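The chain that follows stands alone, in the form predicted alone, written as structure tokens.
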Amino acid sequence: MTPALESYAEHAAAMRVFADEHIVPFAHRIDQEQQIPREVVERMREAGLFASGFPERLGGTPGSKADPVSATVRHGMIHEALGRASPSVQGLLNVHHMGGSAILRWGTQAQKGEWGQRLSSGEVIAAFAITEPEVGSDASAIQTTAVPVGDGWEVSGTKTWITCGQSADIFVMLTQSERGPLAVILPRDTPGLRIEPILGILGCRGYMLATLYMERCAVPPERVLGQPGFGLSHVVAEGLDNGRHNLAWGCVGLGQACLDASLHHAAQREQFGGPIGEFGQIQRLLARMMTDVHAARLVCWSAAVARGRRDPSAVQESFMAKYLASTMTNRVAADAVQVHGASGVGPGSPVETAFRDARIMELIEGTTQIVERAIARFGLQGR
């Protein structure tokens, strides 16, 4: 193994140890209580996880500017480790990186100065607010409005299914204005903003989802993100691209968790005088799971390298990584339940939770069908 690969392996191992120690013990509680405990978030702050993926000059990971490819791969490994331990915790870090990346890419120097260090340290947690009751994948059809008032704006409307909406400190929100799509930074203490928790979802119950109701929320000019008219094509596109890439790595982690549990169970569970791992049917499932997880991880690596190099193919690669990884983790989770049999569907079973969590992965950051459409369009360009 080359020194560079050894370094990657050491980082992956360190992230796995962190997740095993500080997140795995809380995973069942997160699913049951539908909340991420504060001590988990605090350990993530101490480990510097919120800084990963952000510009080094604004508090991001030291050394990331000198070697952006390595930094991007290591960033992905963080999301993989969290996805293996708790997809809900991975979701919290993902939306933070989505909202934060949009601010730190398209914000003014004053906005970067105000939010950069606070986002990187985890003092301020960001979330991304696009989806509405009647608007999902077609973000251009949003109905939340921003009306000019003086030198600022007033925002009114409803956003729903907002990950970490119950806990985020600021929201990067897409609105519609007379000058086109407008992105704004809306702090949770803004007068006129009301937050209503969404409980009892199928999987990823620790996403702390919420519906946001805005009634004439005042947005001063220093809270406008980017130029009016570029809120969707530039600001939101930046966040969504980051979200797809991060989620793909998180799906690899979730698939790995299912595989680890299945390999252990197949080696320990005995039937007909021997471990079930000796049965050809079980071996077939395990072989498919191992290959699926490995393939998805390699595609995520390829996407991370392209992103680190700022290659024009990076957006397409992130779409493909999200597509392969999210569909993979659903197959692997279903196979894991099959390997475990009845014990795989019992209350408190990790693979039962993983099966529910996996189903969410084909719905968020673009449904499978929307992602397929985008990938096909990349392929058809110039034909």
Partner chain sequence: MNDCIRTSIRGFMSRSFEGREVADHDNIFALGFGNSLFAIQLVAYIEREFDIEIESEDLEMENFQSIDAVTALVGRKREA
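It should be emphasised that the depicted structure is a prediction, and the values quoted were computed from it without experimental measurement. Residue numbers count along the first chain shown, from 1.
As for the form predicted together with its partner chain, it is not shown, yet the points below apply to it.
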Contact between Gly107 and its partner chain in the predicted complex at 4.5 Å, heavy atoms?
yes
* Asked: With the partner left out of view, is Arg269 within 4.5 angstroms of its partner chain in the predicted complex by any non-hydrogen atom?
  -> no
Interface membership of Phe319, its partner chain in the predicted complex, 4.5 Å heavy atom rule: yes
* Distance check, Gln227 to its partner chain in the predicted complex, heavy atom within 4.5 Å -> yes
The one option of His294, Arg288, Arg309, Arg188 with any heavy atom within 4.5 Å of its partner chain in the predicted complex is Arg309
Among Ala14, Leu363, Ala374, Val24, just one has a heavy atom within 4.5 Å of its partner chain in the predicted complex, namely Ala374
Per contact check vs its partner chain in the predicted complex (non-hydrogen atom within 4.5 angstroms), the hit among 235-243, 294-302, 211-219, 269-277 is 235-243
**Asked** Non-hydrogen atoms within 4.5 angstroms of its partner chain in the predicted complex: do Phe18, Arg284 and Ala336 all have one?
**Response** no
